[in-house]
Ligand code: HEM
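Presented as C-alpha cells, the chain that follows is alone, the form predicted on its own.
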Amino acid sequence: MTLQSSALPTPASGSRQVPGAMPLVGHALQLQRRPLAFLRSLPQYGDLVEIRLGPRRAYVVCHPDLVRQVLTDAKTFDKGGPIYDKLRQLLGNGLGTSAREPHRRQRRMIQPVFHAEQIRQYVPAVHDEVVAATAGWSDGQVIDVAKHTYEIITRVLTRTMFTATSHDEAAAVISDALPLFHEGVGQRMNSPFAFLERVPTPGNRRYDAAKAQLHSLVDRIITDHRRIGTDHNDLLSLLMATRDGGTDGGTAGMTDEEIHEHVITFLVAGVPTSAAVLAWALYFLGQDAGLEARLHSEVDTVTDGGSPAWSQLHRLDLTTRTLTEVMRFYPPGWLLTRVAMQDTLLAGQHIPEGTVIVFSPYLIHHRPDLHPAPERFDPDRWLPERRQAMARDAYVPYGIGSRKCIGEVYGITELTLALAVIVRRWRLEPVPGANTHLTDPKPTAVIRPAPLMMRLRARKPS
C-alpha cells in the first residue's frame, strides 16, 4: 500500500539519549517488561533516539523518513543485529535473514513463486483448509482463538507448500514446534546476556528440541519430493524448479541446503504472523458489534452465501480494511534491526560502522501525528479519502525497499479468504474477564493474543 506525502515535518537533526538505562542491562528491562509502552514513549525524545541493548549502543528511528532511509539503503544498512543473530540460529541464511548480496540472487529466484497467478491457484485449497480446521466448532463452544488460528494458517501453508507429503502430519509437527521456537526467540531478542541461552534450562531445552524437530521435518519433506520427482504445483515444487536467470547468465538451481533454508523461512515468517493477524481481527470484531455486522453484511453480499472466489476478493473492501487496521494496530514484525556497514550520517548524527539501528512498525503506527487516535481500532481510517492524507511510509507492516516481504500478496490473500470463510458461518463473542492480559500484550517474536478465549455463535448468511 502506497501512501501519499503529507506535511509531516522533516526529521529533526541529531539524536537524544533515552533516559532510564540501567548499568549492564541498559533498556533491556523496559523492552522485556512493557515493550509496547516503551516503544510508544520514544518519539517524545526525538526522531532518532539512542538506547542501550545491554552495554551496546543502538539507535531507534522514530520518523518515517528515517525508516525509509534505513530500509531503502541496503548497502549502508544491512540486515543484522541481535534479532537477526537469533533468527539465523534457526533459519540459516534464507531470504529473511541473508545479507544484501546473497539476498539479491535469492529474491530473483524466488519471486516467481509468489506471482499473483500462482497464488490464485491456491484459493480453493485455502478455502478447503479453513473449512476443515473449523469443522469441529459448535454453537456456544468457548475456544482459544489464537490456538485455532495458528492451526488454520499452519494447515493452509503446509497444504500450499507440501502437496506431495502428508500435510496433516506436517501441520501437526509445525503447530507443536513453531510456538516453542517463537517463544524462545522472543526471550532472546531483548536479553543482553547471550550466555544464558546455553544454560540447560527447561525453556532452552524445549527451544532446542523445537529447532531440531522443524529441521528434521523439512529435510524429510525435501527428500520425499526429490524421490517422487513430480511437479505438484506447490511452493516446494516451484522452489526446486526455479533457475537463476539473472544478468550474470546463471542457470543453476538451488541446492537442497538453500531450499531447506527458504522453506524454514516461509514457515517461521508465514505461520505465526498470519495466525496472529487473523486472531486479532476476530478479537476486534468481537469488541465492536457494529463493525462485525457491517463485515457480515459485506461477506454475505459479495459471496452470495457461497465460497469466496479469487474474482471476489477485491470487492471485500471492509474485510481488507479490517486486516489492514489489524496490521497497523499490532504489526506482526513489531521490532526489527539493521547494522551500519560503514560510517554514515542519519538525521545528521554520525553513525559508526557496526552500530545497530532499530526500527519498529508498531512505533510508527502509533504516532498520533501520523495516525490520529492511534489506540482506537478504526478500519475506516483506510477509506481512500482518509488514506490520501497520511504521510508516506506511515504504514510499514511489510517493510519497504528491496527487502520488503516477498509474501505480502500471498499473506493478504490467505487472510482475506480465511476471515471471510469464518465470519460467513460464525460470530465470536468475548468471554467476560477472560482476556484482561490483552490490555497490555507482551510480544515475543510476534504480537500474538495468546490465549484468546471467545465463544462461538453459529450464524446463517443473511
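Throughout, we count residues from 1 along the sequence that is shown. Fair warning: this is a prediction, and the values are worked out from it, not measured in the lab.
Below: the form predicted together with ligand HEM, not depicted.
Contact between L217 and ligand HEM in the model of the complex is not found at the 4.5 Å heavy atom cutoff. The closest non-hydrogen atom of H63 lies beyond 4.5 Å of ligand HEM in the model of the complex. Although the partner is absent here, H103 lies within 4.5 Å of ligand HEM in the model of the complex, judged by heavy atoms. Within 4.5 Å of some heavy atom of ligand HEM in the model of the complex lies at least one heavy atom of E414. Interface residue among R107, H115, K75, R386, judged by heavy atoms within 4.5 Å of ligand HEM in the model of the complex: R107.
A heavy atom within 4.5 Å of ligand HEM in the model of the complex is found for one listed residue only; from I357, A133, L157, V326, this is L157. Only one segment in the set 205-213, 376-384, 327-335, 226-234 has residues whose heavy atoms sit within 4.5 Å of ligand HEM in the model of the complex; it is 327-335. Residues of 393-421 that come within 4.5 Å of ligand HEM in the model of the complex, judged by any heavy atom, are P397, Y398, G399, S402, R403, K404, C405, I406, G407, Y410, G411, E414, L415 in sequence order.
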